[in-house]
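Listed next as structure tokens is one chain, alone, in the form predicted on its own.
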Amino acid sequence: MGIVVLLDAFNGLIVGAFYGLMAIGLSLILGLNGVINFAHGTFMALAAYLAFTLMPVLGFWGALVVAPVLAAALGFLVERFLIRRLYRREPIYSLLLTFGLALIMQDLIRTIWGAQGQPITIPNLLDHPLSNTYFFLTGYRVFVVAAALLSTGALFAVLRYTRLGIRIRAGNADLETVATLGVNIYLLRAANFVLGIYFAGLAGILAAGQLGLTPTMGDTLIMPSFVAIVVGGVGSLLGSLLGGLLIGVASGVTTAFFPAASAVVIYVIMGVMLVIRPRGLLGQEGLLE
């Protein structure tokens, strides 16, 4: 029984890493752009399909680098020509826009690549168990967790030590003051949106190697990613990652004992968190209180 619990817990940790990466991107976009991006999961799927197309030419590692950048470039165009027009309107307008955009993009993916799933080939170096006893501990799964942690650390370094990152953090605190200091807030929001989409793309490629590649792959990850933001704390990027890992592991462990409740437990955790600590694990006081 113990090995089964460890297996399910580790599977949950991997899925939680996907939740965390998605939640970081969502949190970035929600914080500065004020947009609830329902197209986030579709951008994730698009990046995975772009990687699938690029792999015969660039290989897995090249596609892992290039595909999220291409998805982020499309995100820049979406922000520039669609979302930017709605910043001064109620948030419901951008929510509806991104929801409709998600449907359109999903249909385009089906048209271009087909409705059936596609295989993603991961490098042979990562496709083997690292232990005979813990057979579920493969090189790829360890790589996924490491990639999530390293990419999050790199984002924190950008936000802390670069001019762009400092401006993004300042904009989250007081965008009007940043604008009065001469910063182009439209360009700042565009750069922030691109960063958020990049993390969705990275999550998509990593998830495709573990969960498979389908046009609707983002649909199963988008809502738990929103839950991860609430659990981790609205406004906290580290909290979003921790929230994703927490609900992923909790869902995995629940699978070992009560498989039918593995999805429900995610929302139970959110409900309990909202009751006992509305700000989340690392969120700022007052955001949900």
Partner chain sequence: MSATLARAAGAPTHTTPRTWLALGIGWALLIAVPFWIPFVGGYTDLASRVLIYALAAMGLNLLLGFTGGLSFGHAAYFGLGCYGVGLMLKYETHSTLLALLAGTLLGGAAALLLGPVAVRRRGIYFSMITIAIGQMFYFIAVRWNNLTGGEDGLTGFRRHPLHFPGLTVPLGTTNFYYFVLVFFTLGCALLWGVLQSPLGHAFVAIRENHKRMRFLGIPVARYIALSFAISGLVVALAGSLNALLDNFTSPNDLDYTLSGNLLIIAVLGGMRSFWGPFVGAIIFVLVRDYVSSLITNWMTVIGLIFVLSVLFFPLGVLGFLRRRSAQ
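What you see is a predicted model, and the numbers here were worked out from it, not measured in a lab. Numbering follows the first chain given and starts at 1.
Form predicted in complex with its partner chain: not shown, discussed below.
Contact check for Y186: no non-hydrogen atom falls within 4.5 Å of its partner chain in the predicted bound form. The closest heavy atom approach of L97 to its partner chain in the predicted bound form falls within 4.5 Å. In the predicted bound form, none of the heavy atoms of A146 sits within 4.5 Å of a heavy atom of its partner chain. Contact between Q106 and its partner chain in the predicted bound form is found at the 4.5 Å heavy atom cutoff. Listed residues L238, V66, M55, I36 were compared with its partner chain in the predicted bound form; I36 is the one with a heavy atom within 4.5 Å. Checked against its partner chain in the predicted bound form, the candidates I120, L86, A190, L159 yield a single residue with a heavy atom inside 4.5 Å, and that residue is L86. Note that among 242-250, 44-52, 66-74, 217-225, the stretch whose heavy atoms approach its partner chain to within 4.5 Å in the predicted bound form is 217-225. Shown without its partner, the chain has P259, A260, S262, A263, V264, Y267, M270, L274, V275, P278 in segment 249-278 as residues with a non-hydrogen atom within 4.5 angstroms of its partner chain in the predicted bound form.
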